[in-house]
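Next up: a single chain in structure tokens, the form predicted on its own.
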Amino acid sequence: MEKLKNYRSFFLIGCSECASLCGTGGDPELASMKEAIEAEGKTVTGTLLPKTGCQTLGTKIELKKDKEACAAADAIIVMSCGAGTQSAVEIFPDKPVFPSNDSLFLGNMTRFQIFDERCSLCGECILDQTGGICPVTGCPKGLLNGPCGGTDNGKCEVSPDIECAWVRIYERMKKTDQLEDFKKTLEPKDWSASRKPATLNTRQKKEEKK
């Protein structure tokens, strides 16, 4: 509310995918945010739950029906991830855009609204060498050749709630008869593959293959 104090009217944008599943940007959350803002004596000109908030072009097309409501808003509040917020920045170059959420990680949904971080999007995947379990993400130290001396009964020294990634890798590779690969030393990681900011043009790659 401190960030919004200089504005009187807002348009709210959620996301029907990740943010909805996380319970941070679906219809119920949009309604709750609308209520909270109006309780401060401010106005919500409209809301949109786009199919995919981070898909800039798609969200822009979906917003066409809300053209007047968007024009009437002093600022935009985005209830999705940081990528969704930055899509709104492109769509609304002349309006302030505020995020309502903190984006934590790319996760696997293991149960409804329960997520585990399993991939760091590092650009140099080694899952073929570690039994399909990622030590870069699963190990708090990101060790490529473990386990470290701090593991205790299969648990991580950082927290007893964390299973040691390398114990998990060993047990997995033992079950799948891949322990010969487990004995191999992994080379130091090439972090240049995850340099920021990254861009990817898959259309260009397809054209080069023709």
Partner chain sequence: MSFRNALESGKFVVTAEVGPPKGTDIKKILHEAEMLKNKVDALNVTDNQSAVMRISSMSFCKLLLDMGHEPILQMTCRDRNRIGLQSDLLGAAILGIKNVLCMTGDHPNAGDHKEAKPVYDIESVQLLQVVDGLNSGRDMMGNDLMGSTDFYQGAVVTPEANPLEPQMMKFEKKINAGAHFFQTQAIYDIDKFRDFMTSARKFPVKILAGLVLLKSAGMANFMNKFVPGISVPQVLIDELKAAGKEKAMETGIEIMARHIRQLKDESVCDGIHIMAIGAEDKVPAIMERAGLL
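This is a predicted model, so every value here is computed, not measured. Residue numbers count along the first chain shown, from 1.
There is another form of the same protein, the form predicted together with its partner chain; it is not shown, and what comes next is about it.
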query: 140, 148 and 189 all contacting its partner chain in the model of the complex, non-hydrogen atom within 4.5 Å; finding: yes
query: In the model of the complex, the one of 60, 174, 51, 65 near its partner chain [non-hydrogen atom within 4.5 angstroms]; finding: 174
query: Interface residue in the model of the complex among 152, 163, 27, 38, criterion: non-hydrogen atom within 4.5 angstroms of its partner chain; finding: 152
query: Partner-facing stretch of 43-51, 65-73, 30-38, 163-171, counted where any non-hydrogen atom is within 4.5 angstroms of its partner chain in the model of the complex; finding: 163-171
query: Partner contacts in the model of the complex for 155-182 (non-hydrogen atom within 4.5 angstroms of its partner chain); finding: 157, 158, 167, 170, 174, 179, 182
